[in-house]
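Take a look at this single chain, the form predicted alone, given in structure tokens.
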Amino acid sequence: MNQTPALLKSFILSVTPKLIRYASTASTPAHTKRVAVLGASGGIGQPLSLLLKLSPLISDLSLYDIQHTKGVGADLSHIETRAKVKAYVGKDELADALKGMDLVVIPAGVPRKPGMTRDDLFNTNATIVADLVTACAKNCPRAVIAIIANPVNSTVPIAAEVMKAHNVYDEKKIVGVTTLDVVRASTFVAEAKGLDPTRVFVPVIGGHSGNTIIPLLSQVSPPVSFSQQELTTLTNRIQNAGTEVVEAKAGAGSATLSMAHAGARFSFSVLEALNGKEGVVECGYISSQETEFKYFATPLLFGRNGVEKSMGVGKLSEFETKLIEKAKKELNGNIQNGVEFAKQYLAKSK
């Protein structure tokens, strides 16, 4: 990395605070990990795979998709970092793509288009996730599975039910990636308050669509205060930020670049924790024992085995308590849809 031309190095170092730390060191961590990206040829998959290729935390990067993966793999393999890239195409090669993986990231699925909600993607993406997680159950049952494919509120319960059916379920290792909500919240708060966005953290709880996205603006770090109007405006923007991008792209796709960044940030945190780093916290959507919901996103403490524990929701403001109440029907419905789909899928698979 030290031989990288100054201009390119400047670009790499600007990608994300986590990559700054990784890209600026030429040494390899004592324990590198094997990572698979399922859906590596897609709008999220390609930039996500690029960011992962830059990380010295990764020894082997396995790329899988139903088409075009060989080209993506060849392209990325020319980058002068230590991660070895292998590309796999089609269902016949899926098992080989997954064997020995420590982390599997799933951005596979169809993107939203203008006028579509994440739920409109349900039938197509639910089947894709169920198929891919079935392969994970058979080939890398101990891997952490990070699910990006929407609707996350439903696809995570689907993944859990599939793993249960194969008797390899571990609630510590199936996580819905809600990091993009945190990234957006931090960015929007920093813009509103004139702060450095790399130093702002906004916990986001609940789910990963519309009203189920609940930013805890009362718990922003560093502490800032908001008027009622600011609370309402910021919350609405955070909840609808995905639609903002879909509409701006005018039919050309959904949030891909920011999601790739968020997925990479989440992946790096998981890999650091798997390597033994302590105190690693990222928000994520998991099976919940602490709330009235069967699945719920909270800040999570990661460790060597995946999710060590949920950090809970903390002290909520009255405004935030009302947001949770408002989210109940939608979130519970999303969860139930996922569980019911999984039952039908598994019944057909027998």
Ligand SMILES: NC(=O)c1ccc[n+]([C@@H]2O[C@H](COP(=O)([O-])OP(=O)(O)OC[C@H]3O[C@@H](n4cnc5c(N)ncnc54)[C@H](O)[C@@H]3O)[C@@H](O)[C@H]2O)c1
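In this text, all values refer to a predicted model and were calculated from it rather than measured experimentally. Throughout, we count residues from 1 along the sequence that is shown.
The form predicted in complex with the ligand is left out here; the points below concern that form.
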Quick check on residue 256: any heavy atom within 4.5 Å of the ligand in the predicted bound form? yes
Given that the partner is absent here, does residue 110 sit within 4.5 Å of the ligand in the predicted bound form, heavy atoms only? yes
Whether residue 41 contacts the ligand in the predicted bound form should be assessed with a 4.5 Å heavy atom distance threshold; does it? yes
Is residue 150 near the ligand? Define near as a heavy atom within 4.5 Å, in the predicted bound form. yes
In the predicted bound form, which of 191 to 199, 74 to 82, 126 to 134, 272 to 280 comes within 4.5 Å of the ligand (heavy atoms)? 126 to 134
Partner-free chain; cross-checking the ligand in the predicted bound form, the single residue of 160, 205, 180, 104 with a heavy atom within 4.5 Å is 180
Exactly one of 311, 50, 66, 316 has a non-hydrogen atom within 4.5 Å of the ligand in the predicted bound form; which residue is it? 66
